[in-house]
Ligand code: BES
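In structure tokens, the next block holds one chain alone, the form predicted on its own.
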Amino acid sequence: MKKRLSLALQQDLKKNPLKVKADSLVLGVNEGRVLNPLSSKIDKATNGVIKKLAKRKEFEGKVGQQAYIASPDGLSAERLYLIGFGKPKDSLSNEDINKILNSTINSIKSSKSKNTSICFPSLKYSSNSHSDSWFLQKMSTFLESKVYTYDAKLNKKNKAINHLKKVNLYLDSSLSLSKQRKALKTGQIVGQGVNAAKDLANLPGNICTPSYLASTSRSAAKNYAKLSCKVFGEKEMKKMGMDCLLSVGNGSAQESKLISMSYQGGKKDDKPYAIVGKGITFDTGGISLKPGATMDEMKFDMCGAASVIATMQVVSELKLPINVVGVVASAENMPGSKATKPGDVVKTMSGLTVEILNTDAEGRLVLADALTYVKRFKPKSVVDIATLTGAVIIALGHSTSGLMSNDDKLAKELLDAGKKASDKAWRLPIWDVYQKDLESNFADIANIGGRAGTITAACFLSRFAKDYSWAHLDVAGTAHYKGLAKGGSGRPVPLLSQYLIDKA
């Protein structure tokens, strides 16, 4: 994975922030008449500029509030950015921290600085699960991932530029320096994983094929002693009975692939945690052809796979003392002469037969065989990740992933990890009442049914996950952005990484 930033703790910033030589200095300022020690030093050096702004109510230090001072007298830094931290006695919520970090990132990005220094006052948290260690981890993830640029543009003259190269950070904290450094490093590695997922998602479908995902996974495995990778082609999948997965790629010239990555960080006999990703590298809908408008965004239908490949690298980079299996089921869904048709019946690896009522409901078909395959590892838990349904966007919009599970404990762990990592999910039911919507006259199960599309899709997957603790993340609304911001978001790498960190 590529490190884009040089992040370092700098205790000297506390002693004399006035002499910081940087393109920009970002200063955390509390709300109220009494300034914190850092703010007070800067205020005195700049002829009371902070108090003047507060008096005019241009900057009051409210949570997330921003102010910019160009070429401030008395400072070595060329630019000064003030970020509001609220009242010193007030406890900060997760949302407050997000506001502070987003304001910090926006200030740094707008400055186009190559190097910046950040000085933050001491923090109080509203949750017992939050700490300075958590804050530093979260901050470094934000810094690493938010300055992302897509570097693979084919015309080098138009190549995106990331100005920021170096960040020095001081947090007024009683936490030991070694623990601060560890938190900063952990967060940065998660941020690198987010960016690795973005890189894969943003590639065009003519480059990022199932074979490309396979070669990327193999290359990643070569970088880590404890990470291995196996790739199965169509002939091997046929022998394993994966006709359901294979049916999706029937109309494409691109060969479908099953990718199996294994990280051995725990004891040999420890059962692994498994993550399974949908890897449809382009989804036309097949014979059930999608509308032409925004079909270009169907290159993002492999974001589940991208998150698995990236998370396996995060786990390996962090050297977590657990075992993890990452499986990617990859195909290209095209309307060729050999393509699967509506009404066709295919057999899954599990033995269940499926009536294909709509070839655009293909993600659940590749995942069905992948969820059966992963059973051989006797996993402690299985989490599958997929851009599965447009219905989840109707339910939850673009801010929150859908979560469905057959295990309350696993669901809670994932929801908690999402809150910690600012990568939120919300649980939806998969009650038996929805299962009847998948009944078929011609097979054991139909691949679509009913109006609750997100839930019935999860109900379909649950038929293949009865033998283990399982959860399904529908990230159709969160894995990529639309419009002018079009591109991969890297989600849910933060959620998955935090979940596995907590397990370790």
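One rule holds for the numbers: they count along the sequence shown, beginning at 1. What you are looking at is a predicted structure, and each value in this text was computed from that prediction instead of being measured.
The discussion below concerns the form predicted together with the named molecule, not included here.
Next on the checklist: For the interface check, one of 360-368, 129-137, 264-272, 241-249 should have non-hydrogen atoms within 4.5 Å of the named molecule in the model of the complex; which one?
Outcome noted: Correct option: 360-368.
Item to check | Answer option from A421, L388, V167, A201, heavy atom within 4.5 Å of the named molecule in the model of the complex | outcome: Spelling it out, the residue with a heavy atom inside the cut-off is L388.
Next on the checklist: I need to confirm a contact call. Of L75, M237, L410, M298, which residue comes within 4.5 Å of the named molecule in the model of the complex, counting heavy atoms only?
Outcome noted: After the contact test, the surviving option is M298.
Checklist entry - Check D283, K290 and I393: does every one of them have a heavy atom within 4.5 Å of the named molecule in the model of the complex? => result So, yes: the whole triplet contacts the named molecule.
Item to check | the named molecule contact in the model of the complex: A476, any heavy atom under 4.5 Å | outcome: Close contact exists here: in the model of the complex, A476 approaches the named molecule to within 4.5 Å, heavy atoms only.
Checklist entry - Should I50 be counted as a contact of the named molecule in the model of the complex, where contact means heavy atoms within 4.5 Å? => result It does not: once the named molecule is placed as it appears in the model of the complex, I50 has no heavy atom within 4.5 Å of it.
Next on the checklist: Residue-level contact is defined here as any heavy atom of the residue lying within 4.5 Å of the named molecule in the model of the complex; does I448 satisfy this criterion?
Outcome noted: Result yes; I448 sits at the interface with the named molecule in the model of the complex.
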